[in-house]
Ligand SMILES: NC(=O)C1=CN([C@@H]2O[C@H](COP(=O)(O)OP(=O)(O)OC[C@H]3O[C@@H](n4cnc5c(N)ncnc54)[C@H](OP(=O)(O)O)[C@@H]3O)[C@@H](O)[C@H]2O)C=CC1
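Only one chain is shown below, in structure tokens, and it's the form predicted alone.
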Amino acid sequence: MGFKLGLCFNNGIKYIFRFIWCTVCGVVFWRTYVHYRDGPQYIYLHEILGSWLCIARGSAAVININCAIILLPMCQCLLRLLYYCARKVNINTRRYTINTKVFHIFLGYIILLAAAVHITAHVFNAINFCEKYHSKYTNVNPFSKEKTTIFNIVFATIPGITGILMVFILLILFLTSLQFVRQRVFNVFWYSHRLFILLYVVMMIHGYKGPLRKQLNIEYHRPGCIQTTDNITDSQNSTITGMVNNVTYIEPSVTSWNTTCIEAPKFGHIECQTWLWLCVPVLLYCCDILYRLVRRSTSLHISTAKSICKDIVEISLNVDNLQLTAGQYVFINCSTISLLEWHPFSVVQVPTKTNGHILKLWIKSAGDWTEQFTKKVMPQDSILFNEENLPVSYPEVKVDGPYCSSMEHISQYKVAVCIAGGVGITPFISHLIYLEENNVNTEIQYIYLHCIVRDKTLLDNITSIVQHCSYKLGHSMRIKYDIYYTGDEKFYKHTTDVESFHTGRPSFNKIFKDIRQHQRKNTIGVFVCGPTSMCDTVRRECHINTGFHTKFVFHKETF
């Protein structure tokens, strides 16, 4: 019961919204399906292609609407505006305005599914174009009945060529978006995702002069009407007149409306309307990009840099015009490494008047870009000083932000549980430092901090900061911290007298049971920043331990 209640409490709105969006996509598909099934201008074409025509057009409409919406979660400035508007509602609404990346991924899966249906439908359409022709109006089928093959339809038409190109682009976007690819070779993910520009361009020309043809003169030739020069009788059903040279000829399946044809039917290409779906979202995205380019134009100098541990470096930047909130993150660019790459990092120290507008970031060497960056800001000891004994100059960087994060909400709960894995401690340190430096009113009364650390030097730095902040804030709130050391146990022996230090990994089940026992009838904010496996474990404990009176609200941050 607890797990189901917690699942509904934490994810209920998300699942409801997904259901609503799937319903919207279903309605769009069905309306398009019915339009091409019952529209008089498509009757002759439908007699050749059957229901596959309707399925292909319906799935195309679903692809269009999702490709239009999928850009909006990536418009960071728009999301920031929505987030500040949501502040007037409640904290749950703000949670979902931040976690738009999950919705972006969800839309991507819908596009893949709709694309698979669209491709399948057009395969059968190509087969029908090769085998079936209208007995009276052969120009409904644009292909020659003598030499038409599926190869000619696919590789000799604009829709066929562009369709194959879009399939390859979608596969590249999907494969490089997998989590293990993003984590190991982020550059591959980042650069390959720029292919969405080519995808959208190809989508806009995909239907140009395609083989699907609609009737243009409905007012002068109603499908099934009587031509005075022909001996046509009304028929209720389609009949196949026979095979001639392995070609199937189909009689009209429509019922006459007892009208006389004024002229023979005329057919033309079905217009490509993809641009109508994409123009507004693309315009918003371009405006968002232009605004960010202007905001990113100023270069900043790194004032200081120091090593936190063997693979984490702290940089300090003097920023006067950047207003941040504890828990937010910024994007960093170093032009000497790459002009295009921007990487997100959580803020360790928020720039305020108290600290002289100094922004501090911890950057962990966990990929090709971060490895190059740490080498540039922290060279080998032997070359820290040149021959004239002058300090080595740091590279210039550009900062883009701030960006909203679920870690901002810590101070809005009376009870907050903060769980970090290694460098994931940064958003929690930013809150502690901000509360310690600035005398601000906050609702928070209890902070339970749990940090899992493998490096002993990092453990020393974290311990020093947490102990200092907890001592300074002891008069206004209670901070209980536990640090779990998973490295060499020989180092741990020097700190066995401290109750807050433990070896091995924590038992989250025990932790949550203890918190639930001491914080009854409270809504508890649970904030996790670390590996995906740890986030999943904590999420499950939130679901299990949530009841009618004590609720655990799950927040996470992963990059």
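None of these values were measured; they are calculated from a predicted model. So that there is no doubt, residue numbering starts at 1 and follows the sequence shown.
Beyond the structure shown, there is the form predicted in complex with the ligand, which is absent from this document and is the topic of what follows.
Mind telling me which stretch in 524 to 532, 511 to 519, 34 to 42, 55 to 63 gets its heavy atoms within 4.5 Å of the ligand in the model of the complex?
In short, 524 to 532.
Between the options L71, M166, I452, I462, which residue brings a heavy atom to within 4.5 Å of the ligand in the model of the complex?
Selected residue: I452.
Going by heavy atom distances of 4.5 angstroms or less, which of F373, F129, Y434, F345 would be at the interface with the ligand in the model of the complex?
Going through each option in turn, the one that passes is F345.
Though only this chain appears here, would T550 touch the ligand in the model of the complex if you measure heavy atom gaps against 4.5 Å?
Answer no; every heavy atom of T550 is more than 4.5 Å from the ligand in the model of the complex.
Any chance V423 has a heavy atom within 4.5 Å of the ligand in the model of the complex?
Contact with the ligand, yes.
Is it the case that W362, even though its partner is missing from this view, gets within 4.5 Å of the ligand in the model of the complex, heavy atoms only?
Contact check for W362: yes, within 4.5 Å of the ligand in the model of the complex.
T486: heavy atom within 4.5 Å of the ligand in the model of the complex?
Looking in the model of the complex, residue contacts with the ligand include T486, since a heavy atom lies within 4.5 Å.
Each of R505, T537 and T558 having a non-hydrogen atom within 4.5 Å of the ligand in the model of the complex: is that the case here?
The answer is yes; R505, T537 and T558 each reach the ligand.
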